[in-house]
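The form predicted on its own is given below as one chain in structure tokens.
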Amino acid sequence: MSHKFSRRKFLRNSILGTGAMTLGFPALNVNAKEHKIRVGVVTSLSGANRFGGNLTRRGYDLWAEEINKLGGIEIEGERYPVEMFYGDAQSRPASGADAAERLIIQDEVDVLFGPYTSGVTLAVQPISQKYRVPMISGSAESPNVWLAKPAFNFGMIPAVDLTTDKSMMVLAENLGDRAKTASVIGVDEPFSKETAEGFRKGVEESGLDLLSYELFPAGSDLSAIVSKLKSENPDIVAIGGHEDIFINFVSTAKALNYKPKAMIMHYGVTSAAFIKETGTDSNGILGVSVWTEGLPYKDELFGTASDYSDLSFSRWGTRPDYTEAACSASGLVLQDAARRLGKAPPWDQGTRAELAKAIEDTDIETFYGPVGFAKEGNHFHNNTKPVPVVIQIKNGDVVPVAPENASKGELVYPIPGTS
């Protein structure tokens, strides 16, 4: 008896199987297992990126709960419940690749929802390709993911090279003559490095004077870097990294009695974990977002962007940021593609390839905004439609401050109490 057959028999006998969970829908009988859509989530549930990893899980889970309240995904007039399986990437690319392979081979998932970090996504991407399992990535933002032209991976958030340079230029235009210089730092790893490069490009294109540009290894002591910035005293400090780096920077700067006139970061600033960890020290910090609850988007499952925010808050106790929203919208992409595919699960390798083509042809409006994946160029299979917004933390609230047509408040500059 093959290992695969033994695994399938075990799953039937246990109904849900190891690590499986049917969200918001009652357990079905043993034979109904074949009529579920099995979704594998690879993300960092432990390790340095656990805050963001669990945030992506919340976004994916909220979609699964809501669609299962309706009985599941509708295909040819029938509803098929979604069954979620989880693989912990442990914040390490190799562990993420191993988790993806287990989900595909042991749990026999039909589709993958992608990791939190771009580094893990780059490691999982070849596994998705090898087994021809489509992956919808609700978080990855490194342009390197899409330069590889992945046939089976699709990204919901525009790559950072499409957002950070524009955001820096919008910020510089808003500040005018009040800001003349900038310094850029970042972690030397996928996403973080590209974020820093995008900020640097924006600084140069906006006419600001770049005082310094420095990349450092993950896990570095930031004391020397912060001391150097304090000495340079730029008008704007831009940081490329994840929320753990931002939290570390804020605490290190405070310990060294340094507060920049303006700090702009990218992902992580809008997360509840960052605001909670930094407390009042987050006031005035700027960030980049491709979604806020005030945007005029809506769909049939979640309603408006504001409705989604309220739903997420009632479920998890915190307001969602754009990554959580993008992860929930990943499910909407799967719904739409499965409907157009018109084939009931389970899906064999050939059908999964057809599903990937259906995902590639996505053209929908959601509470998160428009979704459509590039079919050529350097951003192949990346959703390039969302437009970046500069936000600022004000007393724990995330407030859009630029550009003018998206602004919900005035940009505060310099941050009160700056060095």
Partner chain sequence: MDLFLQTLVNGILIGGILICLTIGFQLTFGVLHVIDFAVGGWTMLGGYTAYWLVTLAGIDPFISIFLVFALFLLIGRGLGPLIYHVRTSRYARPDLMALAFTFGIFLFMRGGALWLWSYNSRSVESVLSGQFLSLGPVTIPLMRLSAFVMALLFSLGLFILLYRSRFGMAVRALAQNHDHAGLMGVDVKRVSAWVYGIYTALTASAGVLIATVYSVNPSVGIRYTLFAFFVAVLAGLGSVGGVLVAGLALGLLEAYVATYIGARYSLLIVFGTLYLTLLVAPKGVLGRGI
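Note that the coordinates shown come from a computational prediction; the quantities given were computed from them, not determined experimentally. Positions refer to the first chain, counted from 1.
The form predicted in complex with its partner chain exists for this protein as well; it is not shown, and the discussion that follows is about that form.
Undergrad: So which of 341-349, 246-254, 162-170, 233-241 is the stretch with heavy atoms within 4.5 Å of its partner chain in the model of the complex?
TA: Contact-bearing stretch, as computed: 246-254.
Undergrad: To verify the annotation, which of these, 212, 318, 223, 181, has a non-hydrogen atom within 4.5 Å of its partner chain in the model of the complex?
TA: The residue from 212, 318, 223, 181 that makes the contact is 223.
Undergrad: Let me know the one among 299, 336, 277, 108 whose heavy atoms come within 4.5 Å of its partner chain in the model of the complex, would you?
TA: Contact residue from the list: 277.
Undergrad: Give a yes or no for residue 201: in the model of the complex, does one of its heavy atoms lie within 4.5 Å of a heavy atom belonging to its partner chain?
TA: No, residue 201 stays farther than 4.5 Å from its partner chain in the model of the complex.
Undergrad: Can any non-hydrogen atom of residue 50 be found within 4.5 angstroms of its partner chain in the model of the complex?
TA: Taking the distances in the model of the complex, the answer for residue 50 is yes, it comes within 4.5 Å of its partner chain.
Undergrad: Using a 4.5 Å heavy atom cut-off, state whether residue 228 contacts its partner chain in the model of the complex.
TA: Looking in the model of the complex, residue contacts with its partner chain include residue 228, since a heavy atom lies within 4.5 Å.
Undergrad: Quick check on residue 219: any heavy atom within 4.5 Å of its partner chain in the model of the complex?
TA: Output for residue 219 is yes: heavy atoms within 4.5 Å of its partner chain.
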